[in-house]
Ligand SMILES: C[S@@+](CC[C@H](N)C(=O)[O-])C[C@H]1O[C@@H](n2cnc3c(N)ncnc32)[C@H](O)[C@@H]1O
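Next up: just one chain, as structure tokens, the form predicted alone.
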Amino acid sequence: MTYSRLYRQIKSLIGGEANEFCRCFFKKEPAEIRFCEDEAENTEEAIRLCERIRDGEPMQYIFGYAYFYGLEIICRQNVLIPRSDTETAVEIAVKTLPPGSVFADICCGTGCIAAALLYARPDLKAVCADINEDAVSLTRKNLEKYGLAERAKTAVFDVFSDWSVLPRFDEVISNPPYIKTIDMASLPDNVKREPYEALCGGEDGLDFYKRIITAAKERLAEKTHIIFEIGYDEANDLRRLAENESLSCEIYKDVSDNDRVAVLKGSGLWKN
């Protein structure tokens, strides 16, 4: 079987994930595969893995990593998979976090946000916190992989507990659980393989936003600067929550033109 024919078969099995599969499996760009008439290698293994993906197993768990903001982030089961949507939050943070600041990556998961920010901004330091011990362990591995661990502290931490136990930080960035409880049952099969507690944000999807805003405001007073990833339909909810806490709220769209990031600021903040 030629590579071009194999690509078509991969595409028929896993659709839009075919290009990423080619990058991971063949270590080649999709264009190198799509039009290549050379005899393909490892065809049976490629098809077998695609069938697993088709049946709902996340590709990132199969290969053990995901590409995020130019980095190869280690992934494992029981930890939320990095997604390209989250890169929008990182891009905004790279441009707006004050020089020399310490940011808290709350609900850090794989540590992809912290790793990307520390890699892009050598002046920053981080506090990475998650209730999932596996996630915190994986965050350490990803920071160590890129030589960033000395600029970060990690903590197994419940967002709804006492924030005074966390090390000092100046800013907050978070991709918290934000899917409504009622919507969890209708998620795609591959997303259901990810940890429930990393996805479900409560009945209205806002439990974590409310807690993080209140706790960060108490901890940081007039220097509150919070960058959230949000659901595509949650912009107005975040505006309302910010207004209730006397914070401004700016909404940014992702590359698909969906509302994706909310930046909350207090009146005494460093300005762009």
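Residue indices: 1-based, along the sequence shown. Predicted, not measured: the structure shown is a model, and the values here were computed from it.
Unshown form predicted in complex with this ligand; subsequent notes refer to it.
Checked against this ligand in the predicted bound form, the residues V191, V94, M184, I131 give one hit for a heavy atom within 4.5 Å, which is I131.
Scanning L71, A198, V127, A149 against this ligand in the predicted bound form with a 4.5 Å heavy atom cut-off leaves one residue, A198. In the predicted bound form, no residue of the candidate spot (F169, V172 and L238) has a heavy atom lying within 4.5 Å of this ligand. Stretch-level contact check against this ligand in the predicted bound form with heavy atoms at 4.5 Å: of 156-164, 140-148, 94-102, 119-127, the positive one is 156-164. Contact check for T86: a non-hydrogen atom falls within 4.5 Å of this ligand in the predicted bound form.
When this ligand is considered in the predicted bound form, C75 lies well away from it, no heavy atom lying within 4.5 Å. Taking the partner from elsewhere, A115 is found to have every heavy atom lying beyond 4.5 Å of this ligand in the predicted bound form. This ligand in the predicted bound form is not approached by Y61, whose heavy atoms all lie more than 4.5 angstroms from it. Looking at 171-191, the residues that come within 4.5 Å of this ligand in the predicted bound form, counting any heavy atom, are N175, P176, P177.
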